[in-house]
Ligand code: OGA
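Below you'll find only one chain, the form predicted on its own, shown as structure tokens.
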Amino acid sequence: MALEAEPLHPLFGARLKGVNLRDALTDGEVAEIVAALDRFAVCAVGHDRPLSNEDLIAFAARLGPMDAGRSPKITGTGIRIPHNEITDQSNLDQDGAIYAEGDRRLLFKRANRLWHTDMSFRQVRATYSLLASHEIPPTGGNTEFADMRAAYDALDDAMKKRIEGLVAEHCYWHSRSLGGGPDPTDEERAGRPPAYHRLVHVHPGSGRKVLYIASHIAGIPGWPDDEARALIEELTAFATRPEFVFSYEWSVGDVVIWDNLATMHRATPFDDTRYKRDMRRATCRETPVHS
């Protein structure tokens, strides 16, 4: 494999050429991809057709322990993709039909348009997310990424000192509410309790300090809600300034891999009650999780 990385942004992001994720890659070739991720944080790989679910799972497993537990069920949701290792990020029901306007499942999914970090609401955090494109709308539906390493570097010394050592509460249902979703049921809420993470951490692959924030943040323990909210809003606005962000335009067959410990991302709007957007995500975790 002759891996070539074509930068997509001055700070981060690259398109990887000379690699097909269906292939039986050697450990050395996988290490090259990991090294590219440590450098660029977001790497896109194009294919002539979508990866099968099995191919996506097989490659994701090479990058670390996989999230393989069935996610807590949203009321009314059936199963479209029968693999516990894959999160269905489409606007499609179990029969492949587009959700109708007002469907609570669609309303929850629209919260993905907020800046977030995958699975920060879990105590065992997500490392890599791998999103595979099967069908895309004719317009819209890009994914935007923000470089949280560069954002941290650009903070002034006073802010760095202020946030060093702070811990935030991350809650899935908080972001769903911010995104306009309905109130969760008691069963839904119990299935996803909050998690707690430092606002600043050191990235394990690059050694760089990273701002670890997301729309999932519901508060900072010991802080008044309004003060915590104001700080997170200030940090989010700073970290998503244009110089830290790029927008990825999808093609069918693309797989985009990003490092959740170095970036935030968000979906962008499209006509989601008219056009299908079939995206399937495999996710790696910091350590093995069995439920």
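Since this is a predicted model, take the numbers as computed values, not measurements. A residue's number is simply how far along the shown sequence it sits, counting from 1.
What comes next is about the form predicted in complex with the named molecule, which is not displayed.
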Using a 4.5 Å heavy atom cut-off, state whether residue 126 contacts the named molecule in the predicted bound form. no
I'd like to know if residue 147 sits close to the named molecule in the predicted bound form, meaning any non-hydrogen atom pair within 4.5 angstroms. no
Report whether the minimum heavy atom distance between residue 267 and the named molecule in the predicted bound form is within 4.5 Å. yes
Heavy atom to heavy atom, is residue 116 within 4.5 Å of the named molecule in the predicted bound form? yes
Look at the candidate spot formed by 112, 142 and 281 and say whether the named molecule comes within 4.5 Å of a heavy atom in all three of them in the predicted bound form. yes
Considering the named molecule in the predicted bound form, find the one stretch among 49-57, 236-244, 259-267, 223-231 with heavy atoms no farther than 4.5 Å from it. 259-267
Just give me the single entry in 168, 214, 210, 131 that has a non-hydrogen atom within 4.5 angstroms of the named molecule in the predicted bound form. 131
Counting only heavy atoms, which residues in 88-102 are within 4.5 Å of the named molecule in the predicted bound form? 89
